[in-house]
Structures are given as structure tokens and as C-alpha cells.
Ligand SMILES: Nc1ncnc2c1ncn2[C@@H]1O[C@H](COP(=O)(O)OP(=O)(O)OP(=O)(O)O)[C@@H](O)[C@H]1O
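Form predicted alone, single chain, as C-alpha cells, below.
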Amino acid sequence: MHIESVALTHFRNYRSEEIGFSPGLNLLSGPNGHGKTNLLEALHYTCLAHSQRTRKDKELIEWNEASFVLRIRGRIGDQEHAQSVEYTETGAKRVKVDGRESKRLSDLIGHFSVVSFSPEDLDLIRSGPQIRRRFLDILLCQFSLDYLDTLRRYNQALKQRNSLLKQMGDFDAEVLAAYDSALIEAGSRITLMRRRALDELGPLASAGYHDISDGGEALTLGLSGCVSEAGEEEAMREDFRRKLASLRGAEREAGLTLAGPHREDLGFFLAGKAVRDFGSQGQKRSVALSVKLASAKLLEAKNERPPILLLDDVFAELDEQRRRRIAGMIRGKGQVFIANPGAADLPFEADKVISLQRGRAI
């Protein structure tokens, strides 16, 4: 798969621009602050329905404008594919996928698979559980429409259940039971699918860390905060049901659902110790990079084609040896976009160089 072009209107510092790409390695060059990272963000948003830099979509609109529009065209296998999104400052969204219109941003997901790398990837290690859950959810959604649908149903049930817990005086047993059933069914499946994905992602990340760190400590991944350790979905449902029953009083007082996949956390461990608490900056960076490379390999195996890679000034922070190793992992693996001030510290030549200045390709 590859993206042939993107059209940006009132997105960040891009007023109106259309840019074509190579199916191989694309270098986005130019001074800092002129649009390299913004262009990667546009591709990420149009493929995955969210920015990797902010949770506030309003921040993506060009200053003094009321909306932005992004459109990409490309190929998936031997088929042409196009998708677009229009977002207004009121929160209204208009999505099109191959001409089919929708108001759900999530309908953009599952077509062009994407993995991004940036210096901010350290947040995957050092930030809160929400960042790690989101990483895992986006990864699974890119190769499993079943997971995307289940996650959508779970989030809807969670929102409704929380609303009920906040507003009612005496519990309406029948209404709460209906929300419980929806939450338990979708939540148990989500936990089970996350675990199965980690069973595949973990060994890939461990092998990648071994290569990047010259055979350092063993890297392992784990999922904590689960309502059940059962390996079967039916047993997990029963555990989930009992957990909710035991928390009924606490949930009523808090006005929140206190158990479920929305409370889980993805953990990274070196020699059994949590990287977040005990890892050095270098170890955290190598773990984050290893996990992202592993997710690209997993997507390639699941979708039978390599994902598109978005690399934001990654090589500048690595020594020469690690640059060569990572270059060997990504070169020839499909379409790659690299945002870098220049080509001096790149360990390979680009197939196309796109020079950017003040939100324009020159």
C-alpha cells in the first residue's frame, strides 16, 4: 500500500497545498517550524482518525479559519483508494471513504495502516495508562474490524453506564443490568483480544530491543488491571460480572465504572523491572522504538503488506550504529516518510525529496 498524494486546506500552517509522493522513501526536508511535522500529522490523522500530537482537533485548524480539510489518494494492493475528512471548529465532521460519506472519524481506520515514530514516543513509556491503551487500541483496530466494532460498543456502553451512575438516586436495576450486560460482553472480548495481540507483539518487541541495544536485558510486555485472569471469554464474563457486583456501592458513590478495559495498562519490563520506574532515558527510548518497530512487523504479518511508516526526526537522536540497524529494519519495507532538516544524518538515500518552506512544497 502507498499514499500517492495528500491535499491540505487550512490545516496547521498549510493554507492550500497538494503534494505527491513516491511509493518508496520520501524525505521531507526544510527548516524547523516550516511544516515537516505538520505534514506527517496530516497523513496520520487522515489514516488513523486522530493526531499523534494533540487530543484537541480544534488546534489543527489554521489560525483565523473555521475548518480544515484533508484528502489522500493512493493504492491498496491493486485497488485505488481515497479518503478524506473535513472538521469544523464546532466539532462537526464529514468523512468520505471511496465516495461513501460518514460522520464517524473511526471509519477512516483500517484502510491505510500506519506506524509513526517521533521523539515524543517516550510518552508511551513515561505517561499515563491512557496513552498506552490508545496505542494498543489503534494497533488492533488496524488489523481487526471486529476489535474496532467491539471497542465502539464498549465505549458507548461505558458512557451510558457512567451517565446513569451519576444521575440516578435509587438504582434502576433493569436499566443498570442492561448496561452491565453490554459492558461485560464487549469488555471481556477486548481484554482477550488485547492479550492475544500482546502474545504476538511481545516476542517481536523483545527481538527488536535485543538488536537495538546490543543484546541488553530481556524486554517483556504485560497487561495489568484486568478484571479477570481467565483465558476463556465465558469465564472472563463471569469474573467481570462478579467484579461489578462487588463494586456496586463504590461505583454509586464515585459515579463512575471502576472496572473494565478502560482501567487496564500496558507495561514494559526489562529483566522483570518496570521500564517506566527504573529505566534510563536511553533504555526508555530504545524500548519505545522497539515496540513501534514490532507493531509495524505485526501489522505486516496481519495485513500481508507493510504499513506506511512516519518517522519524525528519529535518526538525529541515535548514534551511527543504531541508525544503520534501524535503516536495515525499514529500508525496502514499503512506503516511508522521514521528516528531517536535511539528508546529512540519514543512513540511506531518499527516493523523493520534498522541500518545505512556510507550509508550501517548493
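A quick note: this is a predicted structure, and the numbers were derived from the prediction, not measured. Numbering starts at 1 and runs along the sequence shown.
Note that the form predicted together with this ligand isn't included here; everything after this is about it.
Should R53 be counted as a contact of this ligand in the predicted bound form, where contact means heavy atoms within 4.5 Å?
Contact check for R53: yes, within 4.5 Å of this ligand in the predicted bound form.
Looking at the partner-bound form in the predicted bound form, is G332 within 4.5 Å of this ligand by any heavy atom?
Judged by the heavy-atom cut-off of 4.5 Å, G332 is well away from this ligand in the predicted bound form.
Using 4.5 Å between non-hydrogen atoms, is D313 touching this ligand in the predicted bound form?
Yes.
Residue-level question: is E59 within 4.5 Å of this ligand in the predicted bound form, judged on heavy atoms?
Because a heavy atom of E59 falls inside 4.5 Å of this ligand in the predicted bound form, the answer is yes.
Residues in which of 289 to 297, 35 to 43, 318 to 326, 302 to 310 have heavy atoms within 4.5 Å of this ligand in the predicted bound form?
The contacting stretch is 35 to 43.
Within 4.5 Å of this ligand in the predicted bound form, counting any non-hydrogen atom, which residues from 100 to 130 show up?
The stretch 100 to 130, when checked against this ligand in the predicted bound form, contributes no residue at the 4.5 Å heavy-atom cut-off.
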